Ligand code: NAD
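One chain is shown next in structure tokens, namely the form predicted on its own.
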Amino acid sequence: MSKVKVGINGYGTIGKRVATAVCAQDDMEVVGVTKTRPNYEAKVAMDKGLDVYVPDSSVKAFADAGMPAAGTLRDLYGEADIIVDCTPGNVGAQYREEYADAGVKAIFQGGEDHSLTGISFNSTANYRESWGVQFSRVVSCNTTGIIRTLYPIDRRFRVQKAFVTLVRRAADPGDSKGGPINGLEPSVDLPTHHGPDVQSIMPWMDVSTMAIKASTTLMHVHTVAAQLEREVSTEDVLEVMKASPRVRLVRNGSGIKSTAEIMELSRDLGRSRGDMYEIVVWEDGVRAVGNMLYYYQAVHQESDVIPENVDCIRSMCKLEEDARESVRKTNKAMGIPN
């Protein structure tokens, strides 16, 4: 079987990680990435042997920098079966028109609204909804984190109502433009958009969210309080979490007290770029009291959506019908425990 040809529009925080993940799979390949400026990321991409495509207006700048481009964006559309759009948020509508004109499939990221595609994606909750479609959207890092843990809990115990507070990092570690801020900044536009975003995949889920921006760059932390249909034990919940794909349990009592130790763990595991693809739950911070469930989880904003993009490619390109098998394949290739 020939490999699916994947183009990646935008080789930044998400795009370069998607490229690495796709290159690790045996049923897809990267045929090119895009950059708008001949910066260090473009140079790294070329050094890795990736073809770099650029907008028409950037061709001369790349040539002058001694970094000749492989072609223009439209040339890439002609080479690819599917584009993973990793451009900045709120520009997706422009590119959607280009992809439609070129007749190429495309995956958008959580920075775009659900209405852009009408379909949002999560590997375990709704894999089949993107089967064979032209456009889909992988939800944001925070929404992915909420769904990863609440979906299996809902399947087993039925969630009547969930309340999630997000303590958000102020900027990515490599971003010098936006922070960190010297303070805690609450989102006063309530409830935040994350609840409706969860409902784009789990429309039956009654979930409300609040958010606080914190002066850290490492990870997001969520506090979750869920009212379940019946009384459960903490042990029952932990059993579900341990069996859930891409959820990792850690213990405060073993020394993992904060997001700093989680990121150190990912580096000790030898992960590409030190990424933590799993949603990390503090096992000794999980408590079930009657029909109320409480827990904390950490979300690595740079990487938790990367395996979802790989699975979305498989669904849209009809490479694997079974969601569990796609997750297994992706996890094995990326070194994520199954």
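This one's a predicted model, so the numbers in the text were calculated from it and none came from an experiment. For every residue, the number given is its place in the sequence shown, counted from 1.
As for the form predicted in complex with nicotinamide-adenine-dinucleotide (NAD), it is not shown, yet the points below apply to it.
- Residue 305 belongs to the set of residues with a heavy atom inside 4.5 Å of nicotinamide-adenine-dinucleotide (NAD) in the model of the complex.
- Interface membership of residue 25, defined by any non-hydrogen atom within 4.5 Å of nicotinamide-adenine-dinucleotide (NAD) in the model of the complex, is ruled out.
- Using a 4.5 angstroms threshold between heavy atoms, residue 316 stays clear of nicotinamide-adenine-dinucleotide (NAD) in the model of the complex.
- Although the partner is absent here, residue 211 lies well away from nicotinamide-adenine-dinucleotide (NAD) in the model of the complex, with no heavy atom inside 4.5 Å.
- Although the partner is absent from the chain shown here, 36, 109 and 141 each have a heavy atom within 4.5 Å of nicotinamide-adenine-dinucleotide (NAD) in the model of the complex.
- Stretch 168 to 176 is the answer when you ask which of 230 to 238, 168 to 176, 186 to 194, 245 to 253 has residues with heavy atoms within 4.5 Å of nicotinamide-adenine-dinucleotide (NAD) in the model of the complex.
- Comment: nicotinamide-adenine-dinucleotide (NAD) is not present in this chain, but in the model of the complex one of 103, 89, 118, 132 has a heavy atom within 4.5 Å of it, namely 89.
- In the model of the complex, not one residue of 50 to 64 has a heavy atom within 4.5 Å of nicotinamide-adenine-dinucleotide (NAD).
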